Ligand SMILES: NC(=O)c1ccc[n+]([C@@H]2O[C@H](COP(=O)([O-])OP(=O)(O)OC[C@H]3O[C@@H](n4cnc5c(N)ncnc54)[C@H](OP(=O)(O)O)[C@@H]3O)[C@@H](O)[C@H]2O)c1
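Only one chain is included here, represented as structure tokens and corresponding to the form predicted alone.
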């Protein structure tokens, strides 16, 4: 259970990438609520300062910020320096990016740049942050790494092809890592949400099946130490079960039709503007 993992972690610290918005911010708040020091890592120093100040004032915990752009590859020395002297109990690899709108692979605008950025943000960040934090966890024989994948990583999503594939990497990486290091006291979790009302998903209004990030994380964090692979939210788990029994032709037809419709609406909106 989470309480067990935090019995040591509470006097240590937590690191959350992409911690100024959405799911990342909600994880930072939930960990701070439990008394953990929080290191927020994101691109905008202004946003980092704002969220850091809010968490410090509300939860009375120590916070630290590191401003880097995860689309770059040469940021990890700066992060390592920023984490110096801290004992990290929990790492939340949350930072991620998706498409501006669904599109066929060869028609993605600025495709070369998109490939590089998507791999750096969604894949390289998970590997490098784990490389930085895991040795200390092994030394203390205690730690949790929560990797935010996506339901798009458990079922292929045409027209979000690169995103879907990068999130499948996060899921497989997490599952393998958990098996490699569980005997050393390390818990690694793959979190695979469906839609959550965030800026990344471009959904503003929460619903029962599209929860706010706060509602989602309150549910997902209860699975830490219990489930190494989770949808994090009961209704999302039910959705996953339904999708898993659909014939593949029906699933792909539904996904492609939905993404074509989303693409058409987006392009129409830009044309108007």
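Positions refer to the first chain, counted from 1. Given the structure is predicted, the values throughout are model-derived calculations rather than measurements.
Same protein, other form: the form predicted in complex with this ligand, not shown, and the subject of what follows.
Colleague: What stretch, of 103-111, 81-89, 143-151, 182-190, brings heavy atoms to within 4.5 Å of this ligand in the predicted complex?
Modeller: Correct option: 143-151.
Colleague: This ligand isn't shown here, but in the predicted complex which of 218, 229, 47, 34 has a heavy atom within 4.5 Å of it?
Modeller: When this ligand is considered in the predicted complex, the option within 4.5 Å is 47.
Colleague: Report the residue, out of 115, 138, 71, 127, that has at least one non-hydrogen atom within 4.5 angstroms of this ligand in the predicted complex.
Modeller: If I apply the 4.5 Å criterion carefully, the residue I get is 71.
Colleague: Give a yes or no for residue 20: in the predicted complex, does one of its heavy atoms lie within 4.5 Å of a heavy atom belonging to this ligand?
Modeller: Yes.
Colleague: With the partner left out here, check for me: in the predicted complex, does some heavy atom of residue 198 sit within 4.5 Å of this ligand?
Modeller: Flag for residue 198 set to yes.
Colleague: Spell out, yes or no, whether the shortest heavy atom distance between residue 162 and this ligand in the predicted complex is within 4.5 Å.
Modeller: No - in the predicted complex, heavy atoms of residue 162 and this ligand never come within 4.5 Å of each other.
Colleague: Within 4.5 Å, heavy atoms only: does residue 42 come near this ligand in the predicted complex?
Modeller: It does: once this ligand is placed as it appears in the predicted complex, residue 42 has a heavy atom within 4.5 Å of it.
Colleague: Do any residues of 86-115 have a non-hydrogen atom within 4.5 angstroms of this ligand in the predicted complex? If so, which ones, in sequence order?
Modeller: Those in contact are 94, 95, 96.
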